[in-house]
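Before any questions on how it binds or moves, here is one chain, the form predicted on its own, in structure tokens.
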Amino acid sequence: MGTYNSLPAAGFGLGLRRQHYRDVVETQPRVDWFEIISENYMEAGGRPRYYLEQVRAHYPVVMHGVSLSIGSVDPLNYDYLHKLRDLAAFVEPARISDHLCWTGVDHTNLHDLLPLPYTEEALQHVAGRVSQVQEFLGRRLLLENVSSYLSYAESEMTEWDFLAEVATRADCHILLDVNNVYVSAHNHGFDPRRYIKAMPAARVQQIHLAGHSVAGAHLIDTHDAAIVDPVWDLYAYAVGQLGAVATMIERDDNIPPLAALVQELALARRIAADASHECVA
């Protein structure tokens, strides 16, 4: 395999999904890079690894995990971290990311991305664990903001201040999910632009875009629909605030043909180009 240890700051990617393996390899669409869900490729051999190697021959790949549980009070799972490090040695990813959340306690995985209380105690706990993981992997992590549907009475700061401070104290990077900002802003009644404006631009290394669902008074981050206009507008604002940042589209259910996602990605390119032009002007 070739080596893709670096990736331009900008560029537009898609999440690699099994439904598109053959199309990606055979058609080589206009996509700058692909993102894999790390846990789906940790076992050597089999169809996922076979196609990952084929895709990796033509495109840079980044790794995105859902099981790090960086906010849990359980000890770090070093069996998992060894698998993650071994996969990184195989993929040679430009970036490794996971979520600023907890996914279980007492060694029980709840299979959800659960928000943290935004307290000084939680901040010290998470920053210390991020530093340990980065030392073990030998590289910086990107932490993604999650969508949320509840808040903690104990919180002492905003989510955006907490995320920015974790990145500073642990010297890690940020994966800014614009759809998650929009969903959480709707659910909790805050201004999503205020969140984005508070992000330290130098630490935001990647952006996620996705669709969501409406459930009564709440929005749910389901990744099963096209991106809605208000999220596109918020993305344009983010580019205006943060500059050109590597951007990708996630789709995890109701997955359309690859060509439809490539077309949606082309819209992201146009919006980012227009927003960058307006920022310069």
Partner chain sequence: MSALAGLQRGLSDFLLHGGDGCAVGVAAAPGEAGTRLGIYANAYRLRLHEALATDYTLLAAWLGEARFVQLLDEYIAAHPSHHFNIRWFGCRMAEFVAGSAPWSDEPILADLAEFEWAQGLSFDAPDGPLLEAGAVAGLPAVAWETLRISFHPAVHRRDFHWNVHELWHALLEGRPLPPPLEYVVPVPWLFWRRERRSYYTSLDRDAARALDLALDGADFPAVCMALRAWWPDDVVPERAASLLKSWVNEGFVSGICLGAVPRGAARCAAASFRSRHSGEFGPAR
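Positions refer to the first chain, counted from 1. Note that the coordinates shown come from a computational prediction; the quantities given were computed from them, not determined experimentally.
From this point on, the text means the form predicted in complex with its partner chain, which you will not see here.
Mapping the unseen interface onto this chain, residue 136 falls outside it, with no heavy atom inside 4.5 Å of its partner chain in the model of the complex. Taking the partner from the other structure, its partner chain in the model of the complex has no heavy atom within 4.5 Å of any heavy atom of residue 209. For residue 170, no non-hydrogen atom is located within 4.5 Å of its partner chain in the model of the complex, even though that partner is not displayed. In the model of the complex, its partner chain lies within 4.5 Å of some heavy atom of residue 47.
When contacts are defined as a non-hydrogen atom within 4.5 Å, all of 102, 116 and 151 contact its partner chain in the model of the complex.
The partner is not drawn, yet in the model of the complex one stretch among 198-206, 172-180, 136-144, 151-159 has residues with heavy atoms inside 4.5 Å of its partner chain: 151-159. A single residue from the set 32, 39, 224, 233 has any heavy atom within 4.5 angstroms of its partner chain in the model of the complex; that residue is 39. Contact annotation for 58-78: residues with any non-hydrogen atom within 4.5 angstroms of its partner chain in the model of the complex are 67, 71, 72, 73, 77, listed in sequence order.
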